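Given next, in structure tokens, is a single chain: the form predicted on its own.
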């Protein structure tokens, strides 16, 4: 019977999870990488679970159903709760969790932010369990250990917050057990069930046994595995939906440490690009003159934005049809946008700063190379690809641009299904592959704080 390591990556827009056999780091086989199908409903990407909660009149909805209900109502005074990762990044997490949810999210004014985070994590854990049970390889063994991935937040102490996070997961697990099958039903959970079960879950829960791995370390893990020689220095650019994070790591002997001076977080990311594209389309749609027409067009754009953005960044243009009209948006139109250019400028400055830090460290240690890699949903955008390539091959220490998708992800084992979505799953996969020695925190206790998060890099 195979023991498995499971890693959860809950992002601003989507959550992901993957499993790998315990010991995969020292005996790597591509077939052992098992990304979990969290949304097997035939809509959207089956590996991605929408990070969303919507408080309706008499129930709470989750995931895609939450977003659909929020869109159906179309009320500007109501919205689904998203951006869980942003909430967890605040410097005073306990205070943020104990704050009441705003009326736009909870019109009943009965939930604290903590309650809604616990409810979403319960939904996520239920989806993870379903995904693991549906995987024939995992189902033949057992999940021996679990961990979650998080950025090394600049504004807070991720390792120090670990005890709070595993407590939230523990409460979520207790509530999930109480809710049973209803947790994954499209109609959501009745408010009455929540009011009965959630307080008991909070009282009876124990912290869930989970490890914490920093996202940059997870990226180093998946990008190094399968190579004869791992890079001693690595710079990682992670564009998600809510933020773009840049981090750098250095391998010194048997240990890898993050270089905190290189860490940068930008508030512009995938959602910002969505807004840029939508604004450019609305500006070019001369027929959408009134506020009502523009609002309607905006909603149409947001519903189709995933496809529009992919077409713009991959094919160079997208064609949108609405009410018998055809609207074309070109990549060059997006690149002319003032906000887009400002974002590009900020991104280059942040990357150049981080790169100078990691190159200085590499030079001081007599290393000749720095490897650069992109992860996250934005890894395939021209903006990020050009950023990674622009300093490649420069003077020593030489910068080597690594592909966002490693060669092993193209293995026939995955039948062509993994490579197209690998950048979005990369952190969960790297977190599952990494040995315990790479974790920033293990179980219910965090390791002592240190300016540089030292984590062993050599294989067990």
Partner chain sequence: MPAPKSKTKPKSAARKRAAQGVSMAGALAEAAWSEADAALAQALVEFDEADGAANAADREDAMARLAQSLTRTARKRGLSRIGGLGESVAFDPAEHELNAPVAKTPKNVRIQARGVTRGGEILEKPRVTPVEQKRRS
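Residue numbers count along the first chain shown, from 1. Remember, predicted model here, so these are calculated numbers, not experimental data. In this text, rigid core is short for the largest set of C-alphas that superpose within 1.5 Å between two forms.
Beyond what is shown, the protein has a form predicted together with the partner chain; the following relates to that form.
Note to self: Whether residue 299 contacts the partner chain in the predicted complex should be assessed with a 4.5 Å heavy atom distance threshold; does it?
What the structure shows: No, residue 299 sits far enough from the partner chain in the predicted complex that none of its heavy atoms falls within 4.5 Å.
Using the partner position in the predicted complex, report whether residue 415 sits within 4.5 Å of the partner chain, counting heavy atoms only. Yes, residue 415 lies within 4.5 Å of the partner chain in the predicted complex.
Determine whether any heavy atom of residue 405 comes within 4.5 Å of a heavy atom of the partner chain in the predicted complex, and answer yes or no. Output for residue 405 is no: heavy atoms all beyond 4.5 Å of the partner chain.
### Task
Would you please decide whether residue 424 lies within 4.5 angstroms of the partner chain in the predicted complex, comparing each non-hydrogen atom pair?
Yes - in the predicted complex, heavy atoms of residue 424 and the partner chain come within 4.5 Å of each other.
message = On the criterion of a non-hydrogen atom at 4.5 angstroms or closer, are 35, 321 and 410 all touching the partner chain in the predicted complex?
response = Every listed residue reaches the partner chain in the predicted complex, so yes.
* Ok, 337, 261, 274, 135: which has a heavy atom sitting within 4.5 Å of the partner chain in the predicted complex? -> By the 4.5 Å heavy-atom cutoff, the listed residue in contact is 135.
**Request:** Name the single residue among 295, 185, 314, 364 that comes within 4.5 Å of the partner chain in the predicted complex, judging by heavy atoms.
**Result:** After the contact test, the surviving option is 314.
| message | At 4.5 Å between heavy atoms, only one of the stretches 167 to 175, 104 to 112, 136 to 144, 244 to 252 reaches the partner chain in the predicted complex; which one is it? | response | Careful reading of the contacts points to 136 to 144.
Note to self: At 4.5 Å, heavy atom to heavy atom, what parts of 267 to 305 sit next to the partner chain in the predicted complex? List them in sequence order, or say none.
What the structure shows: Contacting residues: none.
After core superposition, I'd like to know whether residue 328 moves between the shown form and the other one (criterion: C-alpha shift of 2 angstroms or more).
Yes, residue 328 moves 2 Å or more.
C-alpha of residue 26: shift of 2 angstroms or more between the shown form and the other one, rigid core aligned? False for residue 26: its C-alpha shift is below 2 Å.
### Message
Once the core is aligned, does residue 303 move its Cα by at least 2 Å between the shown form and the other one?
### Response
Yes, shifts by 2 Å or more.
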